[in-house]
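There is one chain below, alone, in structure tokens, taken in the form predicted on its own.
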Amino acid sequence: MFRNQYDTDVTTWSPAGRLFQVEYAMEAVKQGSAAIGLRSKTHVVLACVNKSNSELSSHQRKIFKVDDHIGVAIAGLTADGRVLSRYMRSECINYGYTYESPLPVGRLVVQLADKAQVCTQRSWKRPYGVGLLVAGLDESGAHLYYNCPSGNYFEYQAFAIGSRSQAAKTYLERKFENFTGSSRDELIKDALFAIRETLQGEKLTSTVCTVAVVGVGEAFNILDQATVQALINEFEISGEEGPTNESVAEEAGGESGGAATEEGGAATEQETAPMDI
């Protein structure tokens, strides 16, 4: 049942200096459906894969609006993500009421990381089993952060979390140097291409993904399905094979890497806990 004698309590260190319960929480993030974020100087785009338990059920929400200038995308336990997004929303309201100005994105991320860290140091609590991509815009510009269940946080130009996210990371690593000067539509296009990489051959439609945008002159908003489908159709007409039209060597390497990713993705799907949406 247990991995070893050191993983029964979140406050118990192993001789190797590891906290296994925290690592298990980080593993829960990898089993959730993929979420992607990327930013330019003026905009941040979040995108996620919608996954339902069965054909008869609807999918769980994966992107939440926190404030007009902040939103989050989650991967892992959606219940934990919902609780944390509500906490973030409350912090934004309290800060706005007290100081009559929007809460800086970096400060909110630090508060969220501190809240997650407490759960790694109390025996009567468990770590949050969810990773959050926090997108926001403040006086210092556009920001994209990743909050980890361990209490760590990192700022990224582009990042992907969740199951089969490695394929999206590979695409983002090839393109990230162009993101800084990208327009809003170009960011959305790259986000959709990255999402498509995680689908492992499944057709990309507006029903299997959600896209949200925040930027200069644009409050955080989740695009409706009709808008997303129109963008997908437009980008496919302009060249669906755009992201993969690299050199022959890269294509060969991508195919071998894709096969390995597919095998890993299949194994991950089999191990996914029922509560991970």
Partner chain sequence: MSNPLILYLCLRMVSGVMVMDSLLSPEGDSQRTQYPYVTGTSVIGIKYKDGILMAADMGGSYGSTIRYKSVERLKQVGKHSLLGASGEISDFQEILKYLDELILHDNMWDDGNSLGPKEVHNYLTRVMYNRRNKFDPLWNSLVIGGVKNGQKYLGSVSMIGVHFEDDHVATGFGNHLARPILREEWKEDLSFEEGVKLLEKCMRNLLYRDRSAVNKLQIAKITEEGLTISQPYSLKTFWNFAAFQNPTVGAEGSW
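As the structure is a prediction and not an experimental result, all values here were calculated from the model. Positions refer to the first chain, counted from 1.
Here the subject shifts to the form predicted together with the partner chain, a form of this protein not shown in this document.
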#### Entry: Region of this chain that lies against the partner chain in the model of the complex, out of 121-129, 75-83, 103-111, 162-170 [heavy atom, 4.5 Å]
103-111
#### Entry: Within 4.5 Å of the partner chain in the model of the complex, all of S183, E186 and F220 (non-hydrogen atom)
no
### Query
Quick one: is Y146 in contact with the partner chain in the model of the complex, heavy atoms, 4.5 Å cut-off?
no
### Query
Counting only non-hydrogen atoms and a 4.5 angstroms cut-off, does E202 reach the partner chain in the model of the complex?
no
#### Entry: Any non-hydrogen atom of T98 within 4.5 angstroms of the partner chain in the model of the complex
yes
### Query
Any of the heavy atoms of E177 lying within 4.5 Å of the partner chain in the model of the complex?
no
### Query
Hey, which residues along 124-160 are within 4.5 angstroms of the partner chain in the model of the complex, non-hydrogen atoms only?
E139
